[in-house]
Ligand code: GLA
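This document starts with one chain, in the form predicted on its own, laid out as structure tokens.
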């Protein structure tokens, strides 16, 4: 793949040698919709993601192509990059360049050839993977001396300020802090991070696609953010000192819940419950209790279905099929919801049965075929030999 991408670089315009980079996708195992509510999240970086071959140019242009979008060549002066200029796959790439230039100054020009082995629009952070691989590439091409926190901030700004998605910092953090055989426990308020063990001899990450597009995901995601913002503002009137929904204690909420519309009560209840599930899940991994951790995953899905209302019948069917397989510790939807994929934690000895039973059950439910994708916990963005 990398040799093929490298061959497409226009060497006549290159101001430097082409170099190759990779950034993983991610699946969130616990902490659903907690990042923008100040809670704790437990994502895992995946062993598949986005590849980019990059070279500096001398003509001030951004030139970019993606194997996933043949014929959609981008060629634009870097000085013309601005939020709202474009939409689609290239917006994420442009956003990363735009924020990188804010931090490190105008590039002389850059060419990017991009490919991915990660499914797009399935809740596996394919967009953040693009942002992260481009930020990593630009930093290395320029020789910028910067740490992971700065790279996370720039990639996140690409999504929020350039693309306009009101997301928290989960995706970019999970990708840049990915580590083999580990799950990240990240506190979105305190910004503390801990890598917890996920022994590949005892657990694999399975992702199963519903085959349904996440067409409502962006607008519905922003709606959930707005609902939580409104709920927080209402609760702050009676709970001074509460900075985010994660700060709301169960006893205080139970005394004050009636002051909120029912739909906002449900959103806050999910946040409170999910924070407790994430705390229990982290404790379970520290002591090697995968059964308890998996139970928290499945309980999180129930809450996403009933309280946060971001699931679909297809997602529910896949979760039900997954947890019916002996050796599956737990399962839940991954990503914002409204289609896309479910993630499951599965003992390696159960892989063959999981491969057979889950697609069969899903076909019986909706007549649609699917397949199981298997991943290992992976490291973060990095340069690859070319």
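Numbering follows the first chain given and starts at 1. These numbers come from a predicted model, not from an experiment.
Below, we refer to the form predicted together with ligand GLA, which is not included among the displayed structures.
J.: Look at the stretches 53-61, 334-342, 318-326, 354-362 and give the one with heavy atoms within 4.5 Å of ligand GLA in the predicted complex.
T.: Every other range fails; the passing one is 334-342.
J.: Going by a heavy atom distance of 4.5 Å, is residue 39 a contact of ligand GLA in the predicted complex?
T.: Because no heavy atom of residue 39 falls inside 4.5 Å of ligand GLA in the predicted complex, the answer is no.
J.: At the 4.5 Å heavy atom threshold, is residue 92 in contact with ligand GLA in the predicted complex?
T.: Residue 92 lies outside the contact set for ligand GLA.
J.: Though only this chain appears here, would residue 167 touch ligand GLA in the predicted complex if you measure heavy atom gaps against 4.5 Å?
T.: Flag for residue 167 set to yes.
J.: Considering only heavy atoms, tell me if residue 330 and ligand GLA come within 4.5 Å of each other in the predicted complex.
T.: No, residue 330 sits far enough from ligand GLA in the predicted complex that none of its heavy atoms falls within 4.5 Å.
J.: Taking heavy atoms and a 4.5 Å limit, what residues of 22-41 are near ligand GLA in the predicted complex?
T.: In sequence order, 26, 28, 31, 32, 33, 35, 36 come within 4.5 Å of the partner.
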